[in-house]
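First, one chain by itself in structure tokens, the form predicted on its own.
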């Protein structure tokens, strides 16, 4: 669980760290759209190149990005195998009578796996280079036009940021609980999958209790500081677009345009 990087922030002085959070959020949305526009595996080189370029500009260690994939390795395996069994095709590799493996199923499995990997690593890049406060301000400012329809943009941004911020806290808390249970003789490693799931019950129950307690303490702290939503609130640092944001936007637009052209042509 310590390998979960989503919600964690690494302070830095890179180009990506200095970008406006609104720019990074919009780039992330465009990046997701870019991934879902791809219809063939070779075209995945475009978002992969975009991700590698972002990684180089952010100065984030590659180990952090690789760690973000470890918690979802079982999901990747499950999705890969599931598509092998339930994707039909015409080019049969071998036939067992009750089930036949097709070339289309293999390609679909690889396609889905690469897509999930790129989505998870992209989301990790956003949270690793953007502080929770900046992320809250960025989401709120992007959703501010919806205030005309009385949409609670500030409250929604605050809830999303608190949820991301609590991920590392819950991971640390679960690690402490597991170590406490192991010191009392609990075994989380041996046995089959069902036995391991049952052994997690002594961890999940105190983790839920601790989560509700921390949420109550956070609510009390916010109320004691007279927090009543975003109405009339001011900011210490106002967000501003710079030439760096313009460069990042143009670069992203170039990658998206190339992906869109390949989507139309192919």
Partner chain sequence: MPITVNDLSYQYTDAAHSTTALSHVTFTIEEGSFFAIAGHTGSGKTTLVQHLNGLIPCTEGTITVDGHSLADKKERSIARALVGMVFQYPEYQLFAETVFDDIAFGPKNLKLPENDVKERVLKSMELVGLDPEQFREKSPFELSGGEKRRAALAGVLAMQPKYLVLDEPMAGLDPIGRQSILALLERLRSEFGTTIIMISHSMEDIARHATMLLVLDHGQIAYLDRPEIVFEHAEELFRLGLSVPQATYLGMLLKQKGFDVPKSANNAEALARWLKEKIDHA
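In this text, the rigid core denotes the largest set of C-alpha atoms whose superposition between the two forms falls within 1.5 Å. Positions refer to the first chain, counted from 1. None of these values were measured; they are calculated from a predicted model.
The same protein has a further form, the form predicted together with the partner chain, not shown here; the description that follows concerns it.
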(request) Answer yes or no: in the predicted bound form, does the partner chain come within 4.5 Å of a heavy atom in every one of 39, 50 and 142? (result) no
(request) Pick the stretch from 181 to 189, 87 to 95, 129 to 137, 72 to 80 whose residues have a heavy atom within 4.5 Å of the partner chain in the predicted bound form. (result) 181 to 189
(message) Under a 4.5 Å heavy atom criterion, is residue 147 part of the interface with the partner chain in the predicted bound form?
(response) no
(request) State yes or no: in the predicted bound form, is some non-hydrogen atom of residue 158 no more than 4.5 angstroms from a non-hydrogen atom of the partner chain? (result) no
(message) Test of understanding: in the predicted bound form, would residue 59 fall inside 4.5 Å of the partner chain by heavy atoms?
(response) no
(request) Would you please decide whether residue 64 lies within 4.5 angstroms of the partner chain in the predicted bound form, comparing each non-hydrogen atom pair? (result) yes
(request) Name the single residue among 209, 45, 33, 218 that comes within 4.5 Å of the partner chain in the predicted bound form, judging by heavy atoms. (result) 209
(request) Between 99 to 127 and the partner chain in the predicted bound form, list the residues on our side with a heavy atom within 4.5 Å. (result) none
(message) Relative to the superposed rigid core, does residue 207 relocate between this form and the one not shown - that is, does its Cα move 2 Å or more?
(response) yes
(request) Look at residue 152 and decide if its Cα position differs by 2 Å or more between this form and the one not shown after superposing on the rigid core. (result) no
